[in-house]
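Single chain ahead, written as structure tokens, the form predicted alone.
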Amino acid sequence: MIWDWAFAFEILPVLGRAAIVTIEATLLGFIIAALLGLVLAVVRIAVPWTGWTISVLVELIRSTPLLIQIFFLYFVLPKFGVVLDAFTAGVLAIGIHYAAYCSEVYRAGFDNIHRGQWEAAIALNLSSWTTFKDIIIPQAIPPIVPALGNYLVALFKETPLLSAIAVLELMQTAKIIGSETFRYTEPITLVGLFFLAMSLVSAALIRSLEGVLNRRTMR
């Protein structure tokens, strides 16, 4: 029998619990990526002498595989006295990895702001904090929502890498079910369908958010 419906329904609750772990890792990882990416982009512009250092750091992170970064945080940091549990190490690695990509998206958004806006802020003697908070960021965010949303979906699809350090997310749970029952078709297929469904839902929500922000910008 290629597909056993009874077995598929039997493992759904187990996969459902694992799906919660996957969603948690995705949301926490993206929060880290979005906030840290914003900080890197703002500091890069507000403190010019840090530009070269941040550029090198961003390229280093983007140019090395995410899996290596996960292994580094989980296996190497304990050598320096920093011990992280598997879930925390995985979420931090994903968040830092995608923060490098998000920082470039933010930077592109900031570069798109007309130079007159910056000059006006300087003429009014506004602080860098006030300039970014009240003038630059509110204008820069709406156009880059689709790009940030793409990285959210990409980050979500990277969570199976956490199975490499034994985080019991969807993929790891599916592999365990398969190894215990010698049936891989059902768990792997269900996991694939879950990722497909969540990716489509996320894309729809991102389009809706983009539309809301665009309407507010046009008012």
Partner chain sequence: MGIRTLVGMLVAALAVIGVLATQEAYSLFLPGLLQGAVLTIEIALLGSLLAVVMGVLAALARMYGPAPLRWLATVYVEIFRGTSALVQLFWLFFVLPQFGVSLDAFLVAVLALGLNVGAYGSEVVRGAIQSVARGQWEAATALNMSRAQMLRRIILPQAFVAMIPPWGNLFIELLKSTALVSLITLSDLAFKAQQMNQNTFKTIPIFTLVLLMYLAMSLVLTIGMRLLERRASLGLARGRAA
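Between two forms, the rigid core is the largest collection of C-alphas that superpose within 1.5 Å. It should be emphasised that the depicted structure is a prediction, and the values quoted were computed from it without experimental measurement. Residue numbers count along the first chain shown, from 1.
Below, we refer to the form predicted in complex with its partner chain, which is not included among the displayed structures.
Site annotation in the predicted bound form: the residue of Leu27, Ala46, Ala166, Leu60 reaching within 4.5 Å of its partner chain with a heavy atom is Leu60. Residue Met171 is the only one of Ile177, Met171, Ala33, Leu152 with a heavy atom lying within 4.5 Å of its partner chain in the predicted bound form. Its partner chain is not drawn, but in the predicted bound form it has no heavy atom within 4.5 Å of Arg115. In the predicted bound form, its partner chain stays beyond 4.5 Å of every heavy atom belonging to Leu205.
When its partner chain is considered in the predicted bound form, Val191 lines it closely, a heavy atom lying within 4.5 Å.
Residue contact with its partner chain in the predicted bound form: Trp129 places no heavy atom within 4.5 Å of it. Residues from 155 to 183 that approach its partner chain in the predicted bound form with a non-hydrogen atom closer than or equal to 4.5 Å are Lys157, Pro160, Leu161, Ser163, Ala164, Met171, Lys175, Phe182, Arg183, in the order they occur in the chain. Once the rigid core is overlaid between this form and the one not shown, Ala204 counts among the residues whose Cα shifts by 2 Å or more.
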